[in-house]
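Quick setup: one chain, the form predicted alone, written in structure tokens, and binding and motion questions come after.
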């Protein structure tokens, strides 16, 4: 009996040791994988905060001569990225207005129609969109919008290109989230006489809003930093432009312009930091909306 107790104690100690060892290994690997991201964030904040001031948010990007004179006098480069901030908010906002409703509808359709030729065709197209380079989507938007619709580069064309990029993450997250909801919840609503469309929009969508919002946030975060599609569609603008049918700037486009000008290269860090903050605030806002939605329903 004593020997059995000793063997069981040894097994217990061995299991506790394995558990602690596994936890330490996993924490170490997680830290190692996060270390490059933390180092990038550290460098971004370290070099970017020097440019952050009020004028950086309310003035447009400076020209080469202004930057050259400021560097010669050992001063902070004047101007800001107001045209890029406004353009990014307009383009990303329009892209979200286009992609979110369409993505939700497609995701609901795929979750409710698991089989069928049409559903398989939609899934195939979604899988293809996930692997298409962003520059190709810019070419598509150029052919669809730039030439026939706006007759020139515009924020609308950039929004169309970015909305196509958003669709796969929204569609997939919506489909998979709705599939994980127990079918009894839907059956209970239908058995009480609730119409089918109200069951979808008042029962299933609020229940799966957490997973759906994750796909939306990922889609917005992905397109907010895209440059290649905007080079072929929005082109860029040195002034703040609120007309969606005219060329518009964006923070990624400004970063590219700063990179190509040795006198403006110091502004890259500040612009990148602002872009990171915008994405962070968008994520916080989305989470707050989802939380309020859950409380309401």
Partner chain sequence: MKKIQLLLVAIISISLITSCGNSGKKQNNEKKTKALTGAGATFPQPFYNTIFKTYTKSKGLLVTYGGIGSGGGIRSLKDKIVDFGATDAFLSDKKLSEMPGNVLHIPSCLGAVVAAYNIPGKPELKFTPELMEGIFMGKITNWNDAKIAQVNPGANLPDLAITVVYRSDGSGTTFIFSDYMSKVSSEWKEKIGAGKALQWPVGIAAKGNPGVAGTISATEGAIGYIGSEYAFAQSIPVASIQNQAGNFIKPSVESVSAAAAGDIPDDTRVTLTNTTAEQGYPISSFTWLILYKEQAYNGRSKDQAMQTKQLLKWVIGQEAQIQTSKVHYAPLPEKAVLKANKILDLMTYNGRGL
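Positions refer to the first chain, counted from 1. Source: prediction; values computed, not measured.
Quick note: we don't show the form predicted together with the partner chain, though the next part is all about it.
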Counting only heavy atoms and a 4.5 Å cutoff, which of 138-146, 116-124, 164-172, 215-223 contacts the partner chain in the predicted bound form? 138-146
Go through 60, 44, 70, 228 and name the one with a heavy atom inside 4.5 Å of the partner chain in the predicted bound form. 60
With the partner left out here, check for me: in the predicted bound form, does some heavy atom of residue 94 sit within 4.5 Å of the partner chain? yes
Taking any heavy atom pair closer than or equal to 4.5 Å as contact, tell me whether residue 36 reaches the partner chain in the predicted bound form. no
With the cut-off set at 4.5 Å between non-hydrogen atoms, does residue 150 touch the partner chain in the predicted bound form? yes
Whether residue 266 contacts the partner chain in the predicted bound form should be assessed with a 4.5 Å heavy atom distance threshold; does it? no
Suppose contact means any heavy atom within 4.5 Å; which members of 251-265 contact the partner chain in the predicted bound form? 256, 257, 259, 260, 261, 262, 263, 265
